[in-house]
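Before any questions on binding or motion, here is one chain by itself as C-alpha cells, the form predicted alone.
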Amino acid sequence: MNIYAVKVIYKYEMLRALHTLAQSFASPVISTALYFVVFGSAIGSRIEQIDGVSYGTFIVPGLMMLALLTQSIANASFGIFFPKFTGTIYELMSAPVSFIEILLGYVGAAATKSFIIGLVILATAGLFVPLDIAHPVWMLGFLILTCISFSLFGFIIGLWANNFEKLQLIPMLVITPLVFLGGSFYSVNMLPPVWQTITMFNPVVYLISGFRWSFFEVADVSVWLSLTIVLGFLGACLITVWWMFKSGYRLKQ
C-alpha cells in the first residue's frame, strides 16, 4: 500500500474544498435554513406532528440525506472528472499507484467533506428545532455509510462522464427526485396503499427510513433492512469501480 500516494491525493482534494468554502460548506447551510423556513413554517403550521414527532424535527434526517447525497456525488465526481478533463489522470495511472490507493484518496476526501457537511447541517438544524438523537451510534453509522457509498457512486459518475453536462445529469434528474419522493418530508405511511407499494421500489426510502429511526425510533421499514440495502449498494459500487479500472472503461480513451 502506497500510503504517501493516498495522502497526497487526499490532501489535494481537501485543500480544494478549503479554497471553495462558500460552495462546499456555506451553500448547504443556507439551503438547509431555507428549507426550514419554507417547509418548517409553511407546512409545519398545517402538520403539527408525524408519528408523534413535530414536523420541523421530523424533516431533519431527510434534509441531511438530501444534502449528503448531492454533496457526496458532486465532490467525488468532480474530483476524478477534472483530472480526466485536463489529462493528468494518465500521469496518475502511469505512476506506481493502484486503483485501491486512487480510490482511497479521492473517495476518502469526498466522504470526509460530506461527513463534515452533515455535522454542520445537524448543528444548523439544532438552531431551528429541538433535537434528541435516540441512537447516536446508529446515526453516525448511517451517516458514514451514506457518505462513503454515495462518494463511491459519484466516483463512478466521474469516470463515466465525458463532459460537464453528463456530470450533472444523474444527480439532477435521478438522485434529487428520488430523495424528494423517498419520504424526506413526509412519512410513506401517509400515502395511499398503491403509492406506498410503488414508493418501496425507491432505494432512497430505505436510507432515509434507517437514518430517521436512529433519531426518533420511527421508521417506514425495518432498520435492519435499511442497513442491508445500504451495504448492498456499497458493495455494488465497489465492484463497479473495480471493473471500470480493470477494463479501463473511459480511462484508456
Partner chain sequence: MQPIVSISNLSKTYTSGFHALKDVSLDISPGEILALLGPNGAGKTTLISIICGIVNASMGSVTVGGYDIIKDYRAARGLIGLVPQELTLGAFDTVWNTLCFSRGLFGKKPNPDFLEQLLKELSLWDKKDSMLMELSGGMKRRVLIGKALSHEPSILFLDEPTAGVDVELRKDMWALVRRLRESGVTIILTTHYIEEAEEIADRVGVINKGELLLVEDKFALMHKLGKRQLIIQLEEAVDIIPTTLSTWALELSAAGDQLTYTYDPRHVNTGVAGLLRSINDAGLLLKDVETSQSSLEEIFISLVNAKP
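Numbering follows the first chain given and starts at 1. Keep in mind that what you see is a predicted model, and the values were worked out from it rather than measured.
Omitted from view is the form predicted together with the partner chain, to which the following refers.
Asker: Is there a heavy atom of Val241 lying 4.5 Å or less from a heavy atom of the partner chain in the predicted complex?
Answerer: So Val241 does not count as contacting the partner chain.
Asker: Does the partner chain get within 4.5 angstroms of any non-hydrogen atom of Cys237 in the predicted complex?
Answerer: Cys237: no, not in contact with the partner chain in the predicted complex.
Asker: Hey, in the predicted complex, does Phe164 get a heavy atom within 4.5 angstroms of the partner chain?
Answerer: Phe164: no contact with the partner chain in the predicted complex.
Asker: Any chance Leu122 has a heavy atom within 4.5 Å of the partner chain in the predicted complex?
Answerer: Because no heavy atom of Leu122 falls inside 4.5 Å of the partner chain in the predicted complex, the answer is no.
Asker: Tell me the stretch among 176-184, 156-164, 127-135, 98-106 that has any heavy atom within 4.5 angstroms of the partner chain in the predicted complex.
Answerer: That would be stretch 98-106.
Asker: Leu140, Met93, Ile116, Ile170: which sits within 4.5 Å of the partner chain in the predicted complex by any heavy atom?
Answerer: Selected option: Met93.
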